[in-house]
Structure formats: C-alpha cells, structure tokens
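First comes one chain, alone, set out as structure tokens in the form predicted alone.
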Amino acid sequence: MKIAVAGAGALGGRVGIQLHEAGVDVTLIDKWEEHVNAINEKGMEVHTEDKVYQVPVKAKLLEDIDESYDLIIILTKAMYAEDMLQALYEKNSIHAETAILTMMNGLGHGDRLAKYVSKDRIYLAVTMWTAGLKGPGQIVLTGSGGIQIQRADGIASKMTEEINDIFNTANLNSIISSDVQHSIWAKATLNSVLNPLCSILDKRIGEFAAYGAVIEMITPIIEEIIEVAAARGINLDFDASLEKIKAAFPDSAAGLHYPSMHQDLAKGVQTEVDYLNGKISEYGKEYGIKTPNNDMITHLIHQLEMKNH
C-alpha cells in the first residue's frame, strides 16, 4: 500500500517515521520548504529521551507531487485540510480507490472531506500520540499513545482492517472502534476546555488547574458541549468528561505544558478554535441550543489572533 501523510508537522512526522521504520512505502507531504529539504538532505532527525538518530523517510513539497496513493492520512491543521485535498486532486494523487483518513483534532472533518470523496472511502481516527518539532527536519518523540479508527459510514470493511494492521505493524497501537465519533467528541471536549482557557489566561495546564474554583469554572462549558453532542446523537457523560480533563492536570500528565492553541498564538498563527468551541456554537445554532460560553470563548480567541496580525 502506498501511503501519503499530508501535513508533516509533529504528529504527521511521527506517523510517517513509524510507518517508514516498519517498511511501509510512505511519503511525507508538506508546504514548508525548509523542513522538506532538511528531511531529504539528511533524513528526519529524531530525538528520543536517550538518543538522536536519522530516519531516511521520503518527503515532498506539495507542488512536487507526481504520483497517486492508496491511503492519504490528513494531518494538516484543520483549516488547511480542504486546500490540501483539493491540491492533491489536481495533482491526480487521489485515484478511484484512494482512502482518506483524518487524524486531525476537532469536529466535523468527516462532513468536510465528504465534499471530495464518498463516505465509504473516508476513515475517521482519533489519536492520543503526541510529538514535538525542534526545527526543520527535527522531531522529538517521547511517550506512548494509540489510535482508534472507523470508516466514516460506520460500516466494517476489509480496508479498515488493512489500515489497522499497517498501523499496528508500525507500533502505533491501533484499534478498530465501533463508535469513533464518541472518542472524537470526548477528545474535542477536553481540547475545547483546556486549549482556549489556558491560551486566554496565558497559563500552563497545571497553573490553570491550581485555581480553587476550576471545576465550577469549566462545568458550564462541558454542559453545553454535552447538550450539543446529544442533539447529534453522541452520548457524552459529564463525569467521564470531567475526569478526562482532570487527568491532564498533574505535572506527570500534561500539567507542565502549554496546550497547542497557546503555542499557535505565541507563533502568531491561526488557531483551530473554529473546529472546537466554534463548531459547538455552529451546531448549537443548527439545533436551537444556546451555547453562550462556547460563543464567548470563540470570540476571545479570535480577538487574540487579531493581536498577532
């Protein structure tokens, strides 16, 4: 199977490296010229807890793509996914049988991708893997993680099993989910609380958690998300959602880290808030559900984005 990872950032880099090391024919695709050139000149420089080594994974600039793929894993920032797919279409990289798998954070990606390929060729995935970029062609790989996948229409298929098997050959700890949407919404709930609030308050997750009334503060946000999810047929549990967020608080978990949205604002790049709180607001309007907390959070993050421009 020929695989492309569209978006060779930290997570795309990790997935691409692990697939390459498992002997899979994989190509990293990105628009960042310095990054792609560095990978092609000396391989991806991998930093783990105790060693540094090079991995000669293939990387191409989007404009240089001249082949088609059996599986395209979308790991761009959410707002760039459609542009990436459109470009790959124009490059004839998507053939009649190409499967498209999204591992992006946020909500609504299955519906967006369905503009380009039918739902029986779209695969939804949620991952708990993390990674970091040190610089062009340099990646930091620590910790463990896993992936859950399911075809977007919920129907079991041979291709689902093939993708799952390939991921497991690459030690990506993949399982086929019977309800991946539930997992996507559960992760989006966590991200819709910690990402924007730590960004607005300029706090690490542990610093945010140290506030005495933090549970009281985040409860209305979670309640809005649960109500909107229910309208879309997703049954989220309040206590489980809260526990998932609290599990990130300790220093041994994510307490010492700034969330990715904070990092995006620090770099002056657009955040993914429209696919988190913004999407909750959008779905709320669709179903006549008021979401004042998520509305305000979305506005505040957009105000912070303006500061950067």
Ligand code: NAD
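This is a predicted model, so every value here is computed, not measured. The numbering used is simple: start at 1 and walk along the sequence shown.
One more form of this protein exists, namely the form predicted in complex with ligand NAD; it is left out here, but the text below deals with it.
Exactly one of the stretches 163 to 171, 230 to 238, 202 to 210, 129 to 137 approaches ligand NAD in the model of the complex with heavy atoms within 4.5 Å, and it is 129 to 137.
Phe249 falls outside the set of residues with a heavy atom inside 4.5 Å of ligand NAD in the model of the complex. Among heavy atoms of Ala8, some come within 4.5 Å of ligand NAD in the model of the complex. Of the heavy atoms in Lys58, none are within 4.5 Å of ligand NAD in the model of the complex.
When contacts are judged by a 4.5 Å heavy atom cut-off, Arg121 does not count as touching ligand NAD in the model of the complex. A heavy atom within 4.5 Å of ligand NAD in the model of the complex is found for one listed residue only; from Leu75, Leu113, Ile184, Ile147, this is Leu75. For the options Val117, Ile218, Ala152, Met103, the residue carrying a heavy atom within 4.5 angstroms of ligand NAD in the model of the complex is Met103. Contacts between 216 to 253 and ligand NAD, taken as any heavy atom within 4.5 Å in the model of the complex, involve no residue at all.
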